[in-house]
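Starting off, we have a lone chain in the form predicted on its own, written out as structure tokens.
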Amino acid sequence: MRTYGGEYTLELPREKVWEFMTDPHRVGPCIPDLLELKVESENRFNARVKVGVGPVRGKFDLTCELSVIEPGVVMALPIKGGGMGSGVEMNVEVRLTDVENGTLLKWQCDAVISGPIASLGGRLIDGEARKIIQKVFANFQKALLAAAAEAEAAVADAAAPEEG
């Protein structure tokens, strides 16, 4: 089993971050190299992604299910799937905490990889995993900030006096 983790601060209120990260329509597109996204329900989606680890390249089909552990604070995201004769099982936990300038997002991911990709070696897998995780959170942060700006613009438009 491999374990990854990290944290970063978002300059947005925790409620907005929670609302965004528990919506599969918003979270799904944050996956890097996404080829296809099918949202099955309000908490479950399937994704087909392009994967490349060293000389092994192909597509993975993943099933992701958002699960609330403590509303507004902690969620789990089990991810299972595979492709190219390899499999992956990840259990991601995300915890939100209010901080002075916004929200602290802490995450941890336990991953089990099987098949030909698992035989490539730890350094290669860890390096690629870190790149993918960094892209996920960069995409997440960009999409979240865009959604927040869009919501603020809608509120400003609604508050503006009508011309005429």
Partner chain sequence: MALQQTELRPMGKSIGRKEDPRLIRGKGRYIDDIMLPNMLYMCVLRSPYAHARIRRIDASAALAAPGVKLVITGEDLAGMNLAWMPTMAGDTQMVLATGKVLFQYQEVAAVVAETRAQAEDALQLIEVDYEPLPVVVDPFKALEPDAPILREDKEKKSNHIFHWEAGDREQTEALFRDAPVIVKQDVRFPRVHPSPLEPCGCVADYNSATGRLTFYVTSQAPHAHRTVLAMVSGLPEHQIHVISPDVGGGFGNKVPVYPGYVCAIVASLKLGVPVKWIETRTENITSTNFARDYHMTAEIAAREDGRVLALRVKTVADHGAFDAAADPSKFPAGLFSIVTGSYDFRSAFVEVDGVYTNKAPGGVAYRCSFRVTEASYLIERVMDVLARRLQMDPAELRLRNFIRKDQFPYHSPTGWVYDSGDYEKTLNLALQRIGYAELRKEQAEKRARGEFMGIGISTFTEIVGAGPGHTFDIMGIKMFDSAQIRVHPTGKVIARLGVRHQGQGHETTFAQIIAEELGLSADDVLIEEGDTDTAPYGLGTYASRSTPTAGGAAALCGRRIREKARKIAAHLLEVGEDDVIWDGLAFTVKGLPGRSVSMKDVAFAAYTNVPEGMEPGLEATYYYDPPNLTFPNGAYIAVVDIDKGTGAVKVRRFMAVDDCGNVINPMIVEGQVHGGLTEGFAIAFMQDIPYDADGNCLAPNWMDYLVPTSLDTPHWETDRTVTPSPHHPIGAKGVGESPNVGSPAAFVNAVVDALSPLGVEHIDMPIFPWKVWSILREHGIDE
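This structure is a prediction, so every number in the text was calculated from the model and none was measured. Residue numbers count along the first chain shown, from 1.
There is another form of the same protein, the form predicted in complex with the partner chain; it is not shown, and what comes next is about it.
- Only one listed stretch (106-114, 129-137, 27-35, 93-101) carries heavy atoms within 4.5 Å of the partner chain in the predicted complex, and that stretch is 106-114.
- Heavy atoms of every residue among M1, E89 and S119 are located within 4.5 Å of the partner chain in the predicted complex.
- A residue is said to contact a partner when one of its heavy atoms sits within 4.5 Å of a partner heavy atom; G85 meets this definition for the partner chain in the predicted complex.
- Although the partner is absent here, R123 is a contact residue: one of its heavy atoms lies within 4.5 angstroms of the partner chain in the predicted complex.
- In the predicted complex, the partner chain lies within 4.5 Å of some heavy atom of P55.
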